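Have a look below at one chain only, the form predicted alone, in structure tokens format.
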Amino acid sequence: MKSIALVSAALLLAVASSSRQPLVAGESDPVPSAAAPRPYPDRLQWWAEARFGMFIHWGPVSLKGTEISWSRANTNPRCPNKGAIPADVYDNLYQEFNPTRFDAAQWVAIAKAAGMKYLVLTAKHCDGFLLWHSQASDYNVSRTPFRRDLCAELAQTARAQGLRIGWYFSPMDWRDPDFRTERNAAFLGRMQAELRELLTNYGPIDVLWFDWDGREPLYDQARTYEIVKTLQPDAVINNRLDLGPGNNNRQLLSPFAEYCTPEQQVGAYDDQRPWESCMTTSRKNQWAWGGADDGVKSLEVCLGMLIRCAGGDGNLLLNVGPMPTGEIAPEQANLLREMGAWLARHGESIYGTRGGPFLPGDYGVSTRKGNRIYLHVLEWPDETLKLPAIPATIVGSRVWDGGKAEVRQTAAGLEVFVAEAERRPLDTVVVLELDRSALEFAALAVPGAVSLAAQAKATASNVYQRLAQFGPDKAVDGNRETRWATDSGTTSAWLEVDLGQPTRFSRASVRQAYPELNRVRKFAIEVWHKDGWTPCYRGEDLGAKLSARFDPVTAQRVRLNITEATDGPTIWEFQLFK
């Protein structure tokens, strides 16, 4: 093993010679490169080919069913948590933590059934509790009634079953009274001692996942990276150790940070910098166990996360929050098995691929490998899918799991047609065989129809707590991450757009995004004439995405009139087309 001095010299040399320029604040949204996908470094190759991993947030807080760390009351004004659980209650939950049904083999079996290739466990979260036997801190699992070393059991079992293992390690410790004070050096000594234990006692560690909290990163980063590189030189390291005020999780600020970490959303297309979206199975978007009423997102939503991550050239780290018993909740386990069943049939189009060559869009995404392009058509925009021209000849086409795909290739572009009977309900995977490698050219934008309502003046009957971030304009801004929302308890509402002049249209698209927020039971799309509002389309149970066709109408004012909803309807996008 290299000495600290030798490693330090190597790190300094790497900083001086690195061709990867750190991103500065503001460069958070990568712009697709004009070059072909950048090859991954050899040490990241396994991680990039894996595409899919399991995140595990767990600890004594599972006894409360509340969010890990954030539900703890604040005892350090330099930290951001302001939870409802008094610190003396939260900090003593470990005395009741006895997950007698924990079985590392069960966790690993569920991950493998899901098609996941690596695991990342919250060995230490921001609340400071350690899931391993530690000499550096007595606030650890050995002092619980359970006593067993959870990190040891999971690492050993994962490796035995062929999965990679990683640790989430919070450099922050909101419980430590010295953290971010004039006594921060004392905190650093303890934090780095914990890190050494975690990287010394459990064999090869494949991923080290640091976190951040938006505050000053006083972690002696140079020395901390040095510890990691000395003890686990092959570990893949994420970008969060360096992040602080004014930064975001899409930035790489150090040559030792190897991938970006967009959170709770699919990252933007980027085939030059590795990235991984961390997202939750929890219906409430909670990381830790959310209690018996938590529930899970639908298969459609979670598969969409994975497919869109792969199509954007990134990974998905999908989180589970085990119960206080130590078991992964049945609804989470069943969801993951369903994802695994899909991957068992379609995995070739996900594992070991690169994103592109067609950029993600409303239609879906594309992935590529060797001489193949895999079109993941999640939504057919019309009878045919129109794509830009590529510098290769298509020599074959088919629907991946059986079916005919007709492709017309001209100098102007591609047109792909699959009969409606052969389209799949979640994802129609169309394989295009090329006469050359699909990795030789840069990503290409897919022209899409522009909504007539884009950026139009919008008004609404109700806005959630009158907050601008949930205003009616968010339903016509073309951003899949923003939405118009209404107050809880609202059972009817309307959203109106003014197109500026009389405009002819015959199709509307309404997106609610998540099936668990499908609250609209009855609705109508209406146009204003001098005699009042007239419906051009009526419907029930709006669903996650509606594509409504009707006889052409001409109007300046159009509204989505929700006449019946279960509770506070919310709409991501309202679009109109010719």
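Since this is a predicted model, take the numbers as computed values, not measurements. Sequential numbering from 1, following the sequence displayed.
Absent from the display: the form predicted together with a small molecule. The rest refers to it.
Residue 278 belongs to the set of residues with a heavy atom inside 4.5 Å of the small molecule in the predicted complex. For residue 47, no non-hydrogen atom is located within 4.5 Å of the small molecule in the predicted complex, even though that partner is not displayed. At the 4.5 Å threshold, heavy atoms of residue 70 reach the small molecule in the predicted complex. Not displayed here, the small molecule is kept clear of residue 51 by more than 4.5 Å at the level of heavy atoms in the predicted complex.
Remark: none of the three candidate residues (169, 229 and 256) comes within 4.5 Å of the small molecule in the predicted complex, counting heavy atoms only. With the partner left out here, the small molecule still marks one of 36-44, 51-59, 540-548, 520-528 in the predicted complex; by a 4.5 Å heavy atom cut-off that stretch is 51-59.
The contact with the small molecule in the predicted complex, taken as any heavy atom within 4.5 Å, belongs to 209 out of 90, 269, 209, 225.
In terms of contact with the small molecule in the predicted complex, the residue from 376, 474, 125, 297 that brings a heavy atom within 4.5 Å is 125.
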